[in-house]
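The form predicted on its own is given below as one chain in structure tokens.
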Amino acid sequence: MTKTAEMQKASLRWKKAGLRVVLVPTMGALHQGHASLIRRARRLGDRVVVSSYVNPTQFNRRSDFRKYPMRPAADLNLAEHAGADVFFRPRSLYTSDASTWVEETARSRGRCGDRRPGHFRGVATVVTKLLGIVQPDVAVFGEKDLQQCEVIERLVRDLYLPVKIVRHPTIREKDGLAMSSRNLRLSPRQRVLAAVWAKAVRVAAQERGGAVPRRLRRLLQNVSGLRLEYAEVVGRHLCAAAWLGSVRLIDNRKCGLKR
């Protein structure tokens, strides 16, 4: 499905029939982490909508937007097999003269918010649009994007939107790397370094308090080809981002847990 009006009519029809609608927003390039979100959504409602839209307003680099992986046929297949009823892939969610934005100003501070100006305004705006179109009872988001979850939860609370936000735990590869569509852009060597990064985040998070970011910096200081962007402890979670070439990875782990 590509037309917003058709999606909205279908959802209103389901809700009028007393069915519970669940939305899984994505930017496509689906992987098994997304499949886990969709299976969770399947348990939470009667109709599952998976949206796929690469939102241009949340990218800080135009080149990053252009390089974002797109494979709609494979995405449709994965979504259907995981339990989606509708694969909603709008062509655009912005008119040429769009002039309305949604901005959250507290939870978007620090971490990615400080390093990616305007990013969470783009996220908040497009999520508000998707909630208005699909009108779900529940929306499921992955905890890998922890700050995004916090921003969306505050958005829904402050605007009194009639939807429940459900967080789903981060799904990881066997070597501990958090699953992400951006991982598709990693070269073989970068993929090895990404596993080193994931292990360092896990090990550093076993510390407590201010020792956590320092431990992560020490673990990564001699890793050639990997640049740590930030490491912060927020709400008992180590939140961090790093660059492997032009690919930006993020991760978070609860602090003080021995793994």
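Heads up: residue numbers just count along the shown sequence, starting at 1. None of these values were measured; they are calculated from a predicted model.
This next part talks about the form predicted in complex with a small molecule, which is not shown.
- Among the residues 194, 205, 37, 231, the one placing a heavy atom within 4.5 Å of the small molecule in the predicted complex is 37.
- 179 is the sole member of 161, 179, 165, 186 with a non-hydrogen atom within 4.5 Å of the small molecule in the predicted complex.
- Remark: of stretches 87 to 95, 72 to 80, 137 to 145, 110 to 118, the one touching the small molecule in the predicted complex is 137 to 145 (heavy atom within 4.5 Å).
- At least one heavy atom of residue 169 is located within 4.5 Å of the small molecule in the predicted complex.
- Proximity of residue 198 to the small molecule in the predicted complex falls outside the 4.5 Å heavy atom cutoff.
- Proximity of residue 219 to the small molecule in the predicted complex: non-hydrogen atoms within 4.5 Å are absent; the residue sits far from the partner.
- Though the partner is left out of this view, residue 31 does reach within 4.5 Å of the small molecule in the predicted complex, counting heavy atoms only.
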